[in-house]
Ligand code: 3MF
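Below, in structure tokens: the form predicted alone, a single chain.
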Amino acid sequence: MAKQANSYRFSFGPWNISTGADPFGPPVRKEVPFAKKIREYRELGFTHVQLHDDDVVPADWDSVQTSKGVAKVKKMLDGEGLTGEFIAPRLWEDPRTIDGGYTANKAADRTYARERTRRAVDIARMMDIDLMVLWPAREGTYIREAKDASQAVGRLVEAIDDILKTDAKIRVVGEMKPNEPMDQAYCPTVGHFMGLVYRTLDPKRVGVLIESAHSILAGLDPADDMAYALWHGKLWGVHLNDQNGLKYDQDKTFGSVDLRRAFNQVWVLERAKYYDIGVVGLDIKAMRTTKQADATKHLANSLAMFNHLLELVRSVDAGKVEELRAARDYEGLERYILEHILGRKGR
């Protein structure tokens, strides 16, 4: 189906329909089968699916099993009219990556991380997906002296180069986060990763994915991070959500904490015509108190919020904004934006 002009495409990951377990408590909802999750996408208004390698097939399957399993999942998505957005190697849950994957001190652990990533590239190829997301979850330290930080940065670049060599068509995006699960990440922000992009084997195929909460955790504004990456022509993925302060990654419903911050993210994406660049991804969790019957309501709410804010962004009087900017009347501009968000148009 051809994409309509100026229309956005949306995605989420199967993990966004969850059992509600957290570090302090067990599951509170039943696990929803993968096939049922896939059927929910179109019903909710989504067209793309975010996937880890082991969402598609178990990580320990051999090449024959993997090929058959990938074909089955690809057929399932095709049958629902869905497209895989990206593949991401889920390295952080394996015992061999407790000290990091690409930056681990132990050579055998680094080899495992590289080999599993190459396998993820193969899965992407079989799924007709050209985008790989790297979330360097454990590429950091709990104490500064544990690793050679300079060497670790070089190893990250080497790992990206290895992906680029594995497939001539694959694009790689880094999803940066300053902390959690590691105390300190080697590339905590978009700016840090952008410094690596231009040192890779083929910078034209390396970009970034920006998650709202990750920017907020770094004390930065997601809209500014997005604008920075857009200037470089490197914003190829977004994960919209919200975050209540500088704490653990909450993955709250988009716009649920700070409407103006959410408005500005949509503002930046719309002015850059992001609908022609990439897919708008959501990475959000249902509240732990959510009942089984409402296990997808947070996804519907976030999509509705994006579309509502998009309508507001598109109805902003651009001439008035430029007039207030020219007059350096930022007080007036702030009131105009706030009243526009509140629906008090024309005042």
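Quantities reported herein were computed from a predicted structural model and do not represent experimental measurements. Numbering starts at 1 and runs along the sequence shown.
Separately, the form predicted in complex with this ligand exists; it is not shown, and the next lines address it.
J.: Should residue 225 be classed as touching this ligand in the predicted bound form when contacts are defined as heavy atoms within 4.5 Å?
T.: Heavy-atom contact with this ligand at 4.5 Å: absent for residue 225.
J.: Determine whether any heavy atom of residue 230 comes within 4.5 Å of a heavy atom of this ligand in the predicted bound form, and answer yes or no.
T.: Residue 230: no, not in contact with this ligand in the predicted bound form.
J.: Does this ligand get within 4.5 angstroms of any non-hydrogen atom of residue 119 in the predicted bound form?
T.: No, residue 119 sits far enough from this ligand in the predicted bound form that none of its heavy atoms falls within 4.5 Å.
J.: How about residue 186 - does it come within 4.5 Å of this ligand in the predicted bound form, if we only consider non-hydrogen atoms?
T.: Contact check for residue 186: no, nothing within 4.5 Å of this ligand in the predicted bound form.
J.: Heavy atoms within 4.5 Å of this ligand in the predicted bound form: which stretch among 101-109, 88-96, 200-208, 67-75?
T.: The contacting stretch is 88-96.
J.: Only one of 163, 152, 133, 129 gets a heavy atom within 4.5 Å of this ligand in the predicted bound form. Which one?
T.: None of the other options qualify; the answer is 133.
J.: Pick from 114, 234, 171, 177: which has a non-hydrogen atom within 4.5 Å of this ligand in the predicted bound form?
T.: Contact check passes for 177.
J.: Using a 4.5 Å cut-off on heavy atoms, which residues of 246-267 contact this ligand in the predicted bound form?
T.: The one in contact is 249.
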